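The chain below stands alone and is given as structure tokens, in the form predicted on its own.
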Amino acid sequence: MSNRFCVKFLAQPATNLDEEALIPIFHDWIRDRKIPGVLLDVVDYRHVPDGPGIMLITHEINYAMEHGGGEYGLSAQAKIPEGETHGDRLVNLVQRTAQFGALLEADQRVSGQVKLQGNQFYYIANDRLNYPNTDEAFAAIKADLETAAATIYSGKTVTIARVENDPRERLTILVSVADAVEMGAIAA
């Protein structure tokens, strides 16, 4: 299985965040080592249409508050995936991203301005050669997603559905549960 994938938690529609406020927040996180890993830099890509927005770059994971696909949210891509199986790597990335999201939601400088939907996330295959945007590639990866989702959303009924998008786009899969879930509950 590929190590090249991203996850994205959408912000709730009422999110009213001045994205510039993220820059000093992320710089403070680097200085104070607020999240695990080797924290490297903050990058502002807001000038790029549908780009990665404001990013916190670490040695292991790139985090971004971005508007990709026309939907604002927190995305993350593991550069050095942790775990023995694809499912383990997915669980790790989702939990690390949820930890990041919970920390952001709790930061007093953006208090009440950002709330992420913990009950669903997108899995985006970042490997078009091995996982093109096809039904066959979705079927090949679905079992790993089911296994990972059972850990992430323990005890809940999980829905896994392929997002119908342009075949030239990356394979995108929505993993969701019906009940509301706080980001902190996923960060375990």
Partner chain sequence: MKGFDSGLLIKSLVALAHPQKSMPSETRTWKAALADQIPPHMAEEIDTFESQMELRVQDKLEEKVFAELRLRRGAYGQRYDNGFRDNGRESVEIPFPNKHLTKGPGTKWEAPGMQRIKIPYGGMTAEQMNVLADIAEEYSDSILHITTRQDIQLHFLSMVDIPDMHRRLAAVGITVREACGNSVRNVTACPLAGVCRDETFDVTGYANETAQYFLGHRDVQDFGRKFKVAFSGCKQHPCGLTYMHDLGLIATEREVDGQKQYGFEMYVGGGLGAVPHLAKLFDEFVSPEELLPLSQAIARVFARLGEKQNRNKARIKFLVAKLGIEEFRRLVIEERAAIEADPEWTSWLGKIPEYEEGGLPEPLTQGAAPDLGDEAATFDYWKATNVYAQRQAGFNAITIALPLGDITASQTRLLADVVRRFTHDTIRTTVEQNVMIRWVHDADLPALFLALKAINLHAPGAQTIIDIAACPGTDTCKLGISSSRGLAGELRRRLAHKAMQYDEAVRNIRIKVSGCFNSCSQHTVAEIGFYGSNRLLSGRRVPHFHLILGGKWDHNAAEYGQSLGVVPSKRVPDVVELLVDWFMRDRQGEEAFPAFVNRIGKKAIKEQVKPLTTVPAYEEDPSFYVDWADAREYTLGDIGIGECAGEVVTLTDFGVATAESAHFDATLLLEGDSQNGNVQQAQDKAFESMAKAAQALLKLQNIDISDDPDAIVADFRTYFYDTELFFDPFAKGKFASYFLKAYESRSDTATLDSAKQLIEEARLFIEASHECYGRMAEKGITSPVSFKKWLLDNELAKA
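Numbering follows the first chain given and starts at 1. The structure displayed is predicted, hence computed values, not measured ones.
Here the subject shifts to the form predicted in complex with its partner chain, a form of this protein not shown in this document.
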| Contact test, all of 51, 59 and 128, partner its partner chain in the model of the complex, heavy atom 4.5 Å | yes
| query | So in the model of the complex, does any heavy atom of residue 41 sit within 4.5 Å of its partner chain? | reply | yes
| query | Is residue 113 close to its partner chain in the model of the complex, meaning a heavy atom pair under 4.5 Å apart or at it? | reply | no
| message | Under a 4.5 Å heavy atom criterion, is residue 30 part of the interface with its partner chain in the model of the complex? | response | yes
| task | With heavy atoms only and a cut-off of 4.5 Å, decide whether residue 80 touches its partner chain in the model of the complex. | result | yes
| Considering its partner chain in the model of the complex, which of 34, 46, 156, 162 comes within 4.5 Å of it through any heavy atom? | 46
| said: For a quick check, can you give me the residues of 151-170 that have a heavy atom within 4.5 Å of its partner chain in the model of the complex? | reply: 166, 168, 169, 170
